[in-house]
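Quick setup: the structure tokens below cover two forms of a single protein chain, split into structure 1 and structure 2.
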Structure 1
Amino acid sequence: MGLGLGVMRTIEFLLLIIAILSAPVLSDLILSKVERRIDLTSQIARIASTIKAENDGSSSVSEILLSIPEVQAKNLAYLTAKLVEGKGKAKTSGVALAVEPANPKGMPPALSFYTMILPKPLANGDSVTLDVLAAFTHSLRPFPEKITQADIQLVVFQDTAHYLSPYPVKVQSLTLKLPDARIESYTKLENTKGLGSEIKYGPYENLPPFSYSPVAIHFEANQAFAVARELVREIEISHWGNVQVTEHYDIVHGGAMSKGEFSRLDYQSKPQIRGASAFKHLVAKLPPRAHSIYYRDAIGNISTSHVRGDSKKTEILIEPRYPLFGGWKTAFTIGYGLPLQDFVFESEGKRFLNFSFGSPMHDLVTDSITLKVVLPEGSKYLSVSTPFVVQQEEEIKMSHLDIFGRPVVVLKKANVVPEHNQFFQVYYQFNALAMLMEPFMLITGIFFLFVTCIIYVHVDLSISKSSASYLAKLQWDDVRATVQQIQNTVNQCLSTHEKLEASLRDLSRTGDVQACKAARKATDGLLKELSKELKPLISFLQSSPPAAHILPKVEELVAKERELQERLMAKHSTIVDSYEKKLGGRETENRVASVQQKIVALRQDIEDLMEYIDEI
């Protein structure tokens, strides 16, 4: 199997080699030592190279070229170079070098070039040591491409045993680290050693530029091949104290395609064998103090997730609705809130968000990421600083009760690996007062609602001011007002009566007959006045037709009230009389009794009538 593949791939590389060999030799730089370690334990191929370069020529060299075959270059996700300082054990990787794509002339077309610009030019005879890390996605090709549920997943990785470089290389070696000792096959060259899960090529010495020796390793890889075809991360800043992150994933198992049946029975009884190539869960490492975490998809909450948190991180283990076999897809959304003060800072009058770029998922390859930073409404002067090149746009998002919308910084990048989880910054200016705009708007809105209600109640909205029903309504309003007045007057009368009674009580206490008489006179006058007031009101009621049905009641009320007046007067005079005549209490009572009876009955009637009229 591996052999057949090797043949096929070798032809491809032969073409490449032919192209390479025809290229001119470059400059005077010599790579005195190249050590390459390829880590294939995950789905991302990470190639770490330590390169020692020596200037053998006369002129000083300020940049070093890296070459990568184009077949690999399109999978290149991440490339950095660091200067190594010190010697031996005290080696420390220091300054990161700028790595830029280059297009030097006269080079073979099947290679992509990158230049590393040295901080200071390399003089004749000087040497420099570099650490170069490159990460490639989708470079482990499943072979066979389709497997059944029971099969293990085998992949092929291809590279060159000789370091492909435009410079001559003196000494070099290559180490491949595989996830497992089970290796199907690998290209055997001179100096090849297989040690458990490690394969070593080299050392090789004194090879010319562009020397190339293809190797293919066919090995078992059952780790998760989780690929996010698309990831949209939305980071929404609220200056009320929250940074809300929402991540929409579109995940596919990027390994060998599954063919044939899927048997849950097999999967459940022997998950390690009959489902080795599937992955069941993903682990996301969220920042500490993440709260309100949710995990759902288009059709609702997904209940299979676990959150563990400590002061350093919050770890969330999420299981998709079903285990993912090769080629199976799923989509879901996770969201969480973070405390504002951990991520948004202020400096020199500007605020900035400091947030990590990539997905928090462990070992996830993201084909295309869209990062949206939603700033609060009213933010101005946006600027972005990222550690690597991204595509950048701006848009507006309308959200909760916005008027102008919130400015959104959109960052896009293809082919993202966990190495890209570096912090980027979005700078903006924001006035804290703008925070109060929405509450203020709500307050105003509700205020105006009430104002409208008040206006509606108090303003006459009738269209026709002359229609019969409108006039009838007006009249009826008048009638009601009049009735109200009558009631008030009657109430006044009643309170006047009260005064009369009070004077009687005073009489029994003080025995001041004169004062009592005076009180009677005063109340008499008052009552007369009141009854005078009543007259026009009653006549108005009599004249207005809509009052017809309550008129009798009102008239009855007035009549009763008058009667009550008379009775009270009678009672009053009787008591005063008997007091003057110094009659005994018992006798007075007897004389008053019948009147008193009437009075109480009348009072009751009046109260009933008032109530009745009230209800109209």
Structure 2
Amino acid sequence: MGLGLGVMRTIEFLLLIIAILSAPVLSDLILSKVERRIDLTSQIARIASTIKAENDGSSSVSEILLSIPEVQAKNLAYLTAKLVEGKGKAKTSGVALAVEPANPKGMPPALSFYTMILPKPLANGDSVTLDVLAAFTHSLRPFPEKITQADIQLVVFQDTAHYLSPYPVKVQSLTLKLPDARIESYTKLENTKGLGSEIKYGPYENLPPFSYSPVAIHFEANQAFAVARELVREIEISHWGNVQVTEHYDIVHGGAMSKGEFSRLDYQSKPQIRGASAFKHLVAKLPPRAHSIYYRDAIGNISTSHVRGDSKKTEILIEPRYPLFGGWKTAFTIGYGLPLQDFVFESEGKRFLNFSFGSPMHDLVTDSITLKVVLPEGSKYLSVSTPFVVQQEEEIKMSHLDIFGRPVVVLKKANVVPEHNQFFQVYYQFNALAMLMEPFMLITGIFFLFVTCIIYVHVDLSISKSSASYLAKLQWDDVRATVQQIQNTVNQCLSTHEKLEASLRDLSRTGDVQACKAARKATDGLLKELSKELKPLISFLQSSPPAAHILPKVEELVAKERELQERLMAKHSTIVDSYEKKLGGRETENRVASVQQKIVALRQDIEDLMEYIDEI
């Protein structure tokens, strides 16, 4: 098969094969039968292996080694092993075995090893059957890596048809389960069968240790490749009866990158053809009595979600604002409340939270998860129990009415899959009397507020009318009122100036010289009346000590306004005289040019002085 062989002939796999050929052999155990089943119906490659091991050595064996190629081990998210009890149809998975990383001597660095510790040593001639489950993320590689909106998504998966083990294998077989879609190509070896969406390799007999036969499968996979690059879950416990859960998601479509333009019209008319590789929604399974559910992003609440529930679960269908094609991203937050009695219990004088670790989203791959458990203020003696290794930290969160802050247990883990959605426990001690702290603070605050109001109402806090500060305040109020009157009068003068300017515009339009002269005479009389009103106001400021710092500016303002009056009258007389002598427009402009420049400057000075006085 051209594509399969082309993909296989990479440097990594060549190095792996060379390293395997040079590896030493462990001969104490023989794997009499190995059945492997690889589920590729989602973006997570799940490999389930049933292994029957026999001790053919002279001494007892207490552990069994698993070997995984390093190129696959870097994507290993979950690994578990259990003993198989019973025979035939009565077989059941029993005791879970401890699985730990191992580093046996003399093994090639291209292989990663894990040891399964047996509950009791396996004597000579005895056998044991194990169920091993491994989940790998980012193992389905898009090929081609970039596709258009109309293309389907094709991926390549690589593995070995022979079970890679440091022990000899008598009989082994491999079955690959693919989505119900077309298969482009796959590696064909001896005893290979393709049955619909399944491909079977084997059985193969009498395989030596580290037997390796690479295979590649190229097939269509349009299922949701939803990857949470970062997930932050916050679980806040309130002993008033509620557990509040808030989850912040940063989602990306981890499949083939989208290229070209996106057509919303094509997508809506033919979503199965023009959007086969996109995913439109996510499904989250919440606990059965979840309430107060919300779904929003940075813009606000998102209404394209549906909630349905029964006695066993609450299911929420989340639809992003737009379909996600390869490489497209979205970020959102979901939150919900849960009854306290369903998740917080008491044991041996301690309380503990029993909650699931991973995301409630179906088949979501999480590159990095941060889980924060916010405990009530006053909690102490914290401890955590998890079914797998996580990074643990502690911090403090301040909230409303907190004094010392609430202790927060922070758990972090990378490469998380739905198999990690197991229960963990956070143990702590909490005195129920501490629950009364915040209500007591609230009641005390309200009490002191009312006491303060009563004191304020019954105590005379006014300043004495005979005090120097009160008299000074009255004097300053009089000064401010006077300055305000002066400003109002100056504004009236400026309005009168505008009427004088308007008469010149009427002259140029009608030619009525007598009307223009009459307007000037009326304006002159009005300005004289306004000037008379300013004199007593200026005199008051001159006699008032609090006005000493503002008086120079006020006097300058009045002087500027008088000068402006004179310039305007001169301009008006010159223009009327030129009009009577029937001089040209250019000659008239030349006669008043210097006066006009001064008028503009004076108006600017008056405006600046008014602003300065307002600020004072």
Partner chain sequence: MASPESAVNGPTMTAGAASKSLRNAFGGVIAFIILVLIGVLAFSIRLFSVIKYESVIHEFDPYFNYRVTQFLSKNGIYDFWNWFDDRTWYPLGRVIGGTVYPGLTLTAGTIWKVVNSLNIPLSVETVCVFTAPIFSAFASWAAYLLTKEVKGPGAGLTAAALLAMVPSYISRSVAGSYDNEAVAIFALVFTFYLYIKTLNTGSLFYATLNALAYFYMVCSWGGYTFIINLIPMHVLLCIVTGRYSSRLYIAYAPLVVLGTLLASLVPVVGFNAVLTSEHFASFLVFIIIHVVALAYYIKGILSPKMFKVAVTLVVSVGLAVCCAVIAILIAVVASSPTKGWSGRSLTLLDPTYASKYIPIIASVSEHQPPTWPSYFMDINVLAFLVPAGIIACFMPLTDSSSFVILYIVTSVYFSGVMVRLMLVLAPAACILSGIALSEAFNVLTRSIKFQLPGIAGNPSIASEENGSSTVVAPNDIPKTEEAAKEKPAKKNRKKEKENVEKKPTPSKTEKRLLVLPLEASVIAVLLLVLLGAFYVVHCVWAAAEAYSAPSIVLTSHSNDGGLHVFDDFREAYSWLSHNTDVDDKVASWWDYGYQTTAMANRTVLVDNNTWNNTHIATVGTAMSSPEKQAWEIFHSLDVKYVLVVFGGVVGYPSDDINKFLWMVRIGGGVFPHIKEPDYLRDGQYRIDAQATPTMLNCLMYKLSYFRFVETDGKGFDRVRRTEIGKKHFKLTHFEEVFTTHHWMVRIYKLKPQRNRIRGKTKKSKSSRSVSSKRDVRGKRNPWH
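Sequence positions of structure 1, starting at 1, serve as the residue numbers. If you're wondering where the values come from, they're calculated on a predicted model, not measured in any experiment. So that the term is clear: the rigid core is the largest set of C-alpha atoms that superpose within 1.5 Å between two forms.
Asks: Name the structure that is the form predicted in complex with its partner chain; the other one isn't.
Replies: Only structure 1 fits here, because that chain is the form predicted in complex with its partner chain.
Asks: Tell me whether residue 452 is among the residues that move between the two structures (Cα shift of 2 angstroms or more, core superposed).
Replies: Yes, residue 452 moves 2 Å or more.
Asks: Establish whether a shift of 2 Å or more occurs at the C-alpha of residue 208 between the two structures, with the two forms superposed on the rigid core.
Replies: Not so; residue 208 is displaced by less than 2 Å.
Asks: Return yes or no for residue 390: a CA shift of at least 2 Å between the two structures, with the rigid core superposed?
Replies: Stays below the 2 Å threshold, so no.
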